[in-house]
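Only one chain is shown below, in structure tokens, and it's the form predicted on its own.
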């Protein structure tokens, strides 16, 4: 039986796992987990993962959490082309370097902007205070500058002439604030050109389909209203950024 991937495409790591499986034609069953309805806290999902986060991979009796571990597992098990996670020691080290750095930089700051511009107003009904928003965007801009200066430089992709897991993880993270209407590529021609190359390698239609849900972030308020956001989840969200 095909492996199962538990995903919600509002999540950047879920999109990276989905795209990697699709690009490499890895058969899988998409198991939707609706984070906005709190399904990750439900009894059924708890049987799959006590961490209660997505993505989750289930391969027979083997269950794996954490997107980077899942990507590396898929690359190894399915013998994907070497450029994704190179056997060359130094190229692999460059991929690992970025994957280690991004957690507390692009991911942290891009996610905060997404929450401040998209999720929090939908949950609370009021915008995030300007000083908090400005600080979040400033942090994101600093991370994007580091990404260009340190990790991308003048290369087509992070490790050179070919796309890797580093580029895949980077693009889904950088797209997150874009979904709220913040064009982080404006005034950054090198970053824009890199984005276009990555999209071409992935496949523009496949890429756009995976990101369709976050490009409609303006519908979040209506989504929460229709589904009836659980009160415990609403309080949890509010506490995250107070």
Partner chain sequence: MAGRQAVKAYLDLVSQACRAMLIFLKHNKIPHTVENIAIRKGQHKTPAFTKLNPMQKLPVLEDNGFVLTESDAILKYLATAYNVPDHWYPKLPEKRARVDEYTAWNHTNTHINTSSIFLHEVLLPCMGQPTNPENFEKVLADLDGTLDKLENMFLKNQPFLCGDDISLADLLAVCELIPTCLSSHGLEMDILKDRPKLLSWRNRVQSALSDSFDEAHSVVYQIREKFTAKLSPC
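These numbers come from a predicted model, not from an experiment. Residue numbers count along the first chain shown, from 1.
Missing here is the form predicted in complex with the partner chain; even so, the following discussion is about that form.
When contacts are defined as a non-hydrogen atom within 4.5 Å, all of 51, 104 and 151 contact the partner chain in the model of the complex. With the partner left out here, the partner chain still marks one of 195-203, 64-72, 176-184, 36-44 in the model of the complex; by a 4.5 Å heavy atom cut-off that stretch is 64-72. Proximity of residue 146 to the partner chain in the model of the complex falls within the 4.5 Å heavy atom cutoff.
Interface residue remark: residue 100 is counted as part of the site for the partner chain in the model of the complex, having a heavy atom within 4.5 Å. Put simply, residue 85 is close to the partner chain in the model of the complex: some heavy atom of it is within 4.5 Å. At a distance threshold of 4.5 angstroms between non-hydrogen atoms, residue 126 is out of contact with the partner chain in the model of the complex.
The partner is not shown here, but in the model of the complex the stretch 70-103 reaches within 4.5 angstroms of the partner chain through a heavy atom at 72, 73, 76, 77, 85, 89, 90, 92, 93, 94, 96, 97, 100, 101, 103.
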